[in-house]
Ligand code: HEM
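There is one chain below, alone, in structure tokens, taken in the form predicted on its own.
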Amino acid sequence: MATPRTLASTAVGASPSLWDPVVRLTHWGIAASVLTNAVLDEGGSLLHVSVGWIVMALLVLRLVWGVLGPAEARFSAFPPNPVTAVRHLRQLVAGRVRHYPSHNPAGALMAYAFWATLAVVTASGLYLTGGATPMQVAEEKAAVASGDWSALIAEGGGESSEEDKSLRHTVEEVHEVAANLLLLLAALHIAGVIVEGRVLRRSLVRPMLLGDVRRGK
């Protein structure tokens, strides 16, 4: 039977988790995209819309990979379980965290929360832009810059009803709240990685950057 001491020994001596290229691509791609849309651009801009489409593509890829990818990347390897996540956090505070070949229970819960919030941000963003692609946004902005408003007038179809305006305002609020929640979840994730890395006495970032650090892949 494992004791707290043996659990700590196993956690410290265990090899880093191995992350395949698709997991690493989607992880860092989404992280960079969320940061870009939160800090470097404005809602409705060409960059904002372009990044939104990239995020949607990366999210879909990660969800598909959660079914078809290797064992560590599949949803079956880290099912969401709040009870197990709380137990893991208690072990973390006690300094006796066990090793997991995939996401630990708290990390798993964070991943699902992040993906769900990201889906809300993406869906609300698509509604607000009318599903416009980056090319369409670029064409509209070019037309407005040249003084041609005909395309926007044709798409508008006259004055919006009060119900439409109210719905749009609600979606805007949802989009903003979800976007801010993403940043909060990201901050909690970073804090968790730092704390757990210290308890395990090894880097949790390196495997996500390099994959199998033992073979330099």
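Owing to the predicted nature of the structure, the values given are computational and were not obtained by experimental measurement. All residue numbers refer to positions in the sequence shown, first residue = 1.
Not pictured, yet referred to below: the form predicted together with protoporphyrin IX containing FE (HEM).
Of the residues Ala77, Ala143, Leu89, Leu126, just one reaches protoporphyrin IX containing FE (HEM) in the model of the complex with a heavy atom at 4.5 Å or closer; this is Leu126.
With the partner omitted here, the residue from Val174, Ala186, Leu46, Leu61 that has a non-hydrogen atom within 4.5 angstroms of protoporphyrin IX containing FE (HEM) in the model of the complex is Ala186. Not displayed here, protoporphyrin IX containing FE (HEM) is approached by Ala111 to within 4.5 Å at the level of heavy atoms in the model of the complex. Shown alone here, Ala57 lies farther than 4.5 Å from protoporphyrin IX containing FE (HEM) in the model of the complex, counting heavy atoms only. Proximity of His103 to protoporphyrin IX containing FE (HEM) in the model of the complex: non-hydrogen atoms within 4.5 Å are present.
Using a 4.5 Å cutoff between non-hydrogen atoms, Met208 counts as a contact of protoporphyrin IX containing FE (HEM) in the model of the complex. Along 180-204, residues Leu182, Ala186, His189, Ile190, Val193, Leu204 each place a heavy atom within 4.5 Å of protoporphyrin IX containing FE (HEM) in the model of the complex.
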